[in-house]
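Only one chain comes next, encoded as structure tokens, the form predicted alone.
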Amino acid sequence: MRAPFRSLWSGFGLVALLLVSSDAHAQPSAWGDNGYVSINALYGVTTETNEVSSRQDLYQETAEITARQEIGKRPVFDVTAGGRIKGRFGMGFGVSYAVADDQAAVTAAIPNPFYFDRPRTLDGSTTLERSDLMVHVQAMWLLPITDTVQLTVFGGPTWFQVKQQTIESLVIDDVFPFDTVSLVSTERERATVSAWGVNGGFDVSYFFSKNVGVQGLVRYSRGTATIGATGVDSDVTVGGLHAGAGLRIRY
């Protein structure tokens, strides 16, 4: 957690130095006269390990199930638009989308069919799908460096929507003398939840024509969403550090 913040603050320190040394007057704006649109290919740099719990009635008791999944390092599709409000200050909006289809480690306490309060431990794995939609609202500050190279710092709130597969029930191999139990397969369902968080970062644009250029983008966003699975609520981390490049069009 600390490493992404250190990287982000280092970036802001660089921005502060550029603010002191740059002269923004009489330079074309990276935001254009009326606004800009950028299409970006980003990548999730950081990972988060999330646990989603669920329950299953079995042998007149309750099996406690946990799915532990690492989310983060994956492609992120991103579109950003914005424009000037006054002077160097502007507002922008970004939409990011990412999909994961990763292995999850499954652990469970499975009741014994003969004895109460003598659960057996189950270990296995399954694949759980997850998609993240992120809508970023950003206050922006423009730092023109040259006529062709310009830098923007930004920050604001982010709305997250998470669609996460969860384990509804387990299909197990459980035979006499019932000392051990193993996982055969899982029955899954999909939960859709949303949450608010924050974002911050910077982009550097380079224009090779009046209206068309390329940009590098670094954004860190963070939030916590609560997923309910078979009556159990689990908090999962959303967002992360995303970095990449794309095409920018100003008009």
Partner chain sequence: MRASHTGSARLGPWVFALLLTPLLADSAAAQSSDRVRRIAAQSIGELRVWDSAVDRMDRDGTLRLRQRRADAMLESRTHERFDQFYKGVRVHGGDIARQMDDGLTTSVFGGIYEGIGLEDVTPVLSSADARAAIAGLSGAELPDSFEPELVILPRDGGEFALAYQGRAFGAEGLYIYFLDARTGDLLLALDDLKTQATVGRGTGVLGDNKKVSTNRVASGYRTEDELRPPTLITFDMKGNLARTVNFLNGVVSLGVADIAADSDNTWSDPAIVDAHAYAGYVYDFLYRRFGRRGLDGSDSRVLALVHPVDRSTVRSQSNSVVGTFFLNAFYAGGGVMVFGEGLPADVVDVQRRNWNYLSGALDVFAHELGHGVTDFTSRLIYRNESGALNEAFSDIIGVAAEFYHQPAGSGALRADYLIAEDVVTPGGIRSLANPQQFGDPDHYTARYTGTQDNGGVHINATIPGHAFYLAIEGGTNRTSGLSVSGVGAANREQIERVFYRAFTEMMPANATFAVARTVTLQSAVDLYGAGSAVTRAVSEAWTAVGVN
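Everything quoted here is computed from the prediction, not taken from an experiment. Residue numbers count along the first chain shown, from 1.
The same protein also has a form predicted in complex with its partner chain, omitted here; what follows describes it.
The closest heavy atom approach of residue 112 to its partner chain in the predicted bound form falls within 4.5 Å. Its partner chain in the predicted bound form comes within 4.5 Å of no heavy atom belonging to residue 173. Taking the partner from elsewhere, residue 179 is found to have a heavy atom lying within 4.5 Å of its partner chain in the predicted bound form.
Among heavy atoms of residue 206, none comes within 4.5 Å of its partner chain in the predicted bound form.
Across the options 53-61, 32-40, 218-226, 188-196, residues that bring heavy atoms within 4.5 Å of its partner chain in the predicted bound form belong to 53-61.
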